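Let us start with two forms of the same protein chain, each given on its own as structure tokens and named structure 1 and structure 2.
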Structure 1
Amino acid sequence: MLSTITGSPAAPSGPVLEPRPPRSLDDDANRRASQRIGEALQLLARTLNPQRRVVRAGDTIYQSGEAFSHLYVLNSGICKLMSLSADGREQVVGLKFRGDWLGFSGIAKGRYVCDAVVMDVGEVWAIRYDALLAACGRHPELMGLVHEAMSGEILRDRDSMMSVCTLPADARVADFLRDWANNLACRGLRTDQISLCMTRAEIGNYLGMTLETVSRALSRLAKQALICFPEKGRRDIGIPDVGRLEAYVQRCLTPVGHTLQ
């Protein structure tokens, strides 16, 4: 658990998350998104001087039930949020990437409501909540950044619920891969080959599916050439064209008798 946060330089987020050159018109939007994330991190560093720590896979940033005092921001790396279900099983309830905030749910009751677990090498910034409130009074642009982050979290939670409730199994897995790739693209990272940092069981846990269903869905997506499996490991997934994956998901959302415009 991260009981003490000490200063340290930024760490790389893993060998497979490599910058890739722009290849399509969509990359203009991705470059703007990546620039905006960078500018947001610069604003936080300039106005709050957050405490920093290099983290590695398996590290816990905070735990469920722990007294709330800090919000956290990922400067690099990927993190998963874990909660306990009613029957005591662990449930993956969220994924966080560079520039994402962690800990908002702790504000309401004064305690964190889930565990935040690191999935690969990265760097996390710790920001005292009282210091953040004080800084927002002096820097209106900082308040706007916090509101935007909160709104983004609400939208992601809604989209995740809509995917689970409305998509069939294959499309749900495809949507998960599309979302992961888009998160990387918005951070200036490659999307043609990604490392999920998650087992098939964890993916199924997150999507409300069994491990076997996830495996079968991945195999069917591969047969349609929407994804592929590089030789070095089946946890690494190749996505030849994110646009085709997006189109596949949209077709599954289209009601019978209707066509996409």
Structure 2
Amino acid sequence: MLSTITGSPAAPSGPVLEPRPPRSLDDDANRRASQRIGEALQLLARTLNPQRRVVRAGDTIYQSGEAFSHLYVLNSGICKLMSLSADGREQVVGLKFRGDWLGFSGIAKGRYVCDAVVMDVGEVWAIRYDALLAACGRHPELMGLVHEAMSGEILRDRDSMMSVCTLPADARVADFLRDWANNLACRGLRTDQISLCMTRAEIGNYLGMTLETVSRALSRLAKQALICFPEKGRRDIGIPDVGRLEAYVQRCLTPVGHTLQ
């Protein structure tokens, strides 16, 4: 029973056998996305026999400056990419989830140019880059996968850029939460209660604002009931309705009409 039933007028009055909450198109898309990620991981496992390693919060997968040799794929867990420029600036420039690749930015320079730091326990697969190149020659679908992953990373970076450049602080935080929830949803995980495993300082650094502003933004979003905090602790965040968060972000744009010229 996958197709949506377009409201038969004479619905049964008792809520007991109420059909499950509308399985939306999004749910379908998410399920497909999740499946694709699983298949991609299987393809990697099959063709490359990657070296698996269990990692826990705080572990470093690679560090800026090290000679580039491997790409990594997250089989599970969450990871942040920290870029530190020559002059000492430090910034979280990316967040990675199951199925995401790590280390692409090292290819061009022959060295890793950021630190990949684990934020939540998981398993990471190491893939020798030279072996990958060789395998790509034999398996065109593998090359497609790699290109798609790199292309996707470029896409996501641009979305971040857009968010940072065009959204006010509150909306940026809302968009961040929406994006995180979205990432979970695409991997078949529930999104009504997410645990960020990042400090306010890290979030702020990622979004280009101070930790105080993040804290205030979260408080304001909570006041509007767009998010809510569980009784104990404020690290976990409840998102009653991702759609409303999305709508909020939209609303922040309409007044300003942020087109060029």
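For numbering, take structure 1's sequence and count from 1. Treat the numbers as computed from the prediction; the structure is a model and nothing was measured. Definition used throughout: the rigid core is the maximal C-alpha set that superposes within 1.5 Å between two forms.
- Of the two forms shown, structure 1 is the one predicted on its own.
- After superposition on the rigid core, the Cα of T166 moves by less than 2 Å between structures 1 and 2.
- Remark: with the core as the superposition reference, the CA shift of S151 between structures 1 and 2 stays below 2 Å.
- At S85, the distance the Cα travels between structures 1 and 2 is 4.0 Å after the core is superposed.
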